[in-house]
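Shown next as structure tokens: one chain only, the form predicted alone.
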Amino acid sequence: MLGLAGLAAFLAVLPLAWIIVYVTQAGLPALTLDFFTNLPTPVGVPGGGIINAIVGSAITVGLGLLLAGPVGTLVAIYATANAERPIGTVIRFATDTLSGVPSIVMGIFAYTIVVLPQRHFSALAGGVVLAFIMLPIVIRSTEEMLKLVPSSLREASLALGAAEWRTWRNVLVPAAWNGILTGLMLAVARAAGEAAPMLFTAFGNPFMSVSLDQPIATLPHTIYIYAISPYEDWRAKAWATALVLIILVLALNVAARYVTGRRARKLGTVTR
């Protein structure tokens, strides 16, 4: 059974390793300093880079995190505080349902509520749809981290006369902060690679733009545009952009695992 479990683990990791190796081989030759510092060039002009897509992804993902982070954390606190009540069950059910909605459906929804009233694509619409994608991850991860906090901390705070809201603000949330931060990083990693919603919201921009009211380039959308083109140079840039995105997502996941490990060790020390 141990051998079968090891084989299953190997088969689960093999696709990831295969993807990383393949994308690295295809994208590494196109990675240069100019690739990270220059704007895209027209068709037939060699060189160029993806600095506009890097900035655009940072803006849209940051905006999505700014919207989903506080809302998701507060919802998770409320759901945890009312875990045994019907409202807590409804929140968990709604969160699980939202996490199962395809990202392209969320893109169409954001197109309806943001793009159509604005009458144009924008970075704001891209940030809103990424907030929808991040929200269930933030809620569920924050709720699970709050459940790991020893109940003795809450009881001690209440026994000392602290109000319920002050107990959550000064005791429980700080105790679970590393875990909450982990959930935020995982949410960012999940949303950063979404291409389909960007087609309906941010749409892309070959120029440098930092305006929330204008279309903006993102890494996933850039990969899509370059990959479907008939030009060899653009396809090489698509692989290089994919490699950059994979490195960013892997870095976020490794950081999240590191923070989770630290949190687990601290909780183990407190428990002992």
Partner chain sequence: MRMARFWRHGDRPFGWITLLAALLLLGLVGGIAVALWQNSALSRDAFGLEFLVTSRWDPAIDRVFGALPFIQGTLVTSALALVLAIPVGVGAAIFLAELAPGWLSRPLGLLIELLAAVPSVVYGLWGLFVLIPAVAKPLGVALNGSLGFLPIFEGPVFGPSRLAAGLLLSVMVLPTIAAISRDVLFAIPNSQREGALALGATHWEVVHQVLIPYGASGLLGAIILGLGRALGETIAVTMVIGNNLDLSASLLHPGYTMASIIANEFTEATFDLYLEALIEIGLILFAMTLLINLFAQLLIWRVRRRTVGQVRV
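C-alpha atoms forming the largest set that superposes within 1.5 Å between two forms make up the rigid core. Quick caveat, the model's predicted, so the values are computed rather than measured. Numbering follows the first chain given and starts at 1.
Missing here is the form predicted together with the partner chain; even so, the following discussion is about that form.
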* Taking heavy atoms only, is W177 within 4.5 angstroms of the partner chain in the predicted bound form? -> no
* the partner chain contact in the predicted bound form: V259, any heavy atom under 4.5 Å -> no
* To do: Would you check, heavy atoms only and a 4.5 Å threshold, whether V114 touches the partner chain in the predicted bound form?
  => no
* To do: Indicate whether the partner chain has at least one heavy atom within 4.5 Å of a heavy atom of T80 in the predicted bound form.
  => no
* Asked: Among A58, L66, I228, L212, which has at least one heavy atom within 4.5 Å of the partner chain in the predicted bound form?
  -> I228
* Does the partner chain come within 4.5 Å of a heavy atom in each of L74, M106 and L135 in the predicted bound form? -> yes
* Across 90 to 121, which residues bring a heavy atom to within 4.5 Å of the partner chain in the predicted bound form? -> V90, I91, F93, A94, T95, D96, T97, L98, G100, V101, P102, I104, V105, M106, I108, F109, Y111, T112, L116, F121
* Asked: After superposition on the rigid core, does the Cα atom of V13 shift by at least 2 Å between the shown form and the other one?
  -> yes
